[in-house]
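Just the one chain here, the form predicted alone, laid out as structure tokens.
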Amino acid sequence: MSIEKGRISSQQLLFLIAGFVQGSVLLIDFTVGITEHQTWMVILAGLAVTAPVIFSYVALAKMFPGMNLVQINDMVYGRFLGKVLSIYYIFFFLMTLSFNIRDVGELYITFLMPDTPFIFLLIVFTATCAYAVTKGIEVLARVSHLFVVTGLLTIISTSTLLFDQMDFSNFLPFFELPFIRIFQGIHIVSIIPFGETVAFLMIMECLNKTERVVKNTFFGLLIGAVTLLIVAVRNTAVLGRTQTIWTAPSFQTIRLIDIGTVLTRMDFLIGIAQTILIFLKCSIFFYALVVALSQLFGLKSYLPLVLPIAGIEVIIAATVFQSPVDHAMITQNAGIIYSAPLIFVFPPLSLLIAKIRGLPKCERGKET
């Protein structure tokens, strides 16, 4: 039984994926302290490593059309093991959503509205995401292209305004860092911006057609990756090695824009644009979470869960970390560990088991 009745096109999926990846643009700051001026290389390597795994998500969704991740787990692993694995995914959705909600609160309390109570910012943002989720994935998909275009235009325009302050010798020398730091950076990038797209296994059941889903998934990832790449190149070219001393290199870079004393303090506009992108990402995670819980408990609608989950997310986001530094350290070392099996192991394993057992053939046989 499908809980979500709305339908989206594969082209809308493209913009949802692109906006989802763009929503992590500030989170590449977690990597800068490790990979320094080679962050742009790590982003490309992370995309190359994660792309085959993401295409396994698409293959899994095409193999089980009209089914979400919880239903697929039940069919592939059986009811007991499938439920256990689904609970693991739900925990991942729950914690990752709270981390991203906290990112917005820290963004505003640190750079934009320092006098505003932190809990108030969390409540307002979470309530906005909850309202969007109640409207369904179809409504989010209809406006996703606006979010993606806004993000691209903002990043390209600010990079253009900073071009005269860029020094491309800041990228030298290549391959200077130890391999272990590059490996850790690739692990972080492959998990956070790209690997988190595993949440779309809760959304791909809503596709009205699956013919061009592979192509559109690829272009969505590419648009998101190009956005991250532009930001990494801009920050390194402008700040050089000094970007490692700032908690948010992107904001420090934007603050250097000064065109005739007219175009200044553009970090506030960047903050608004980034809020829009994180809103899309959080709404997708929120949707995946409530649909997964509804499917797990056998509910006919996810709407009764939206408000309670919103309250839980606010509480977790407000208490899970003591400071932004604590947030960065735990994400770099712990967050990328417990989520790795959910992203890199179980989806390809599910695809392999399903092919060995011939589950789609069995399902068609039952239908006929």
Partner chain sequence: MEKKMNFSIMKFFLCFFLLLTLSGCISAREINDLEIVIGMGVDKDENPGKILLTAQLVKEDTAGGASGDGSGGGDSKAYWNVSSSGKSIFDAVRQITHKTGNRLFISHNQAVIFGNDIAAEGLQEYIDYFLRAHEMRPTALILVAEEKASDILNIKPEAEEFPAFNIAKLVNSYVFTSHFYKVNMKDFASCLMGATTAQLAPLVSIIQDEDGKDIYVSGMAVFKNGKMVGKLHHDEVRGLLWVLGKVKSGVIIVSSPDEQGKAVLEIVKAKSKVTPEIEDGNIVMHIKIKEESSLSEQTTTENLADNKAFEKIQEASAEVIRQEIMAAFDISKEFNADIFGFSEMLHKKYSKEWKTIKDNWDVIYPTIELDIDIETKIIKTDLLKKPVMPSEEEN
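Predicted model, so just to flag it, every value in this text is computed and none were measured. Positions refer to the first chain, counted from 1.
Another form, the form predicted together with the partner chain, is not on view; read the next lines as being about it.
- The putative spot formed by 170, 252 and 267 is fully lined by the partner chain in the predicted bound form; each residue has a non-hydrogen atom within 4.5 angstroms of it.
- At the 4.5 Å threshold, heavy atoms of residue 273 stay clear of the partner chain in the predicted bound form, well away from it.
- Residue contact check for residue 256: one or more of its heavy atoms lie within 4.5 Å of the partner chain in the predicted bound form.
- Not displayed here, the partner chain is kept clear of residue 180 by more than 4.5 Å at the level of heavy atoms in the predicted bound form.
- In the predicted bound form, none of the heavy atoms of residue 78 sits within 4.5 Å of a heavy atom of the partner chain.
- For the candidate set 116, 150, 157, 134, a heavy atom within 4.5 Å of the partner chain in the predicted bound form is found for exactly one residue, namely 116.
- With the partner chain omitted here, the record of contacts in the predicted bound form names 240-248 of 240-248, 83-91, 293-301, 217-225, defined by a heavy atom within 4.5 Å.
- Residues of 74-111 lying near the partner chain in the predicted bound form, listed in sequence order, are 110, 111, the criterion being any heavy atom within 4.5 Å.
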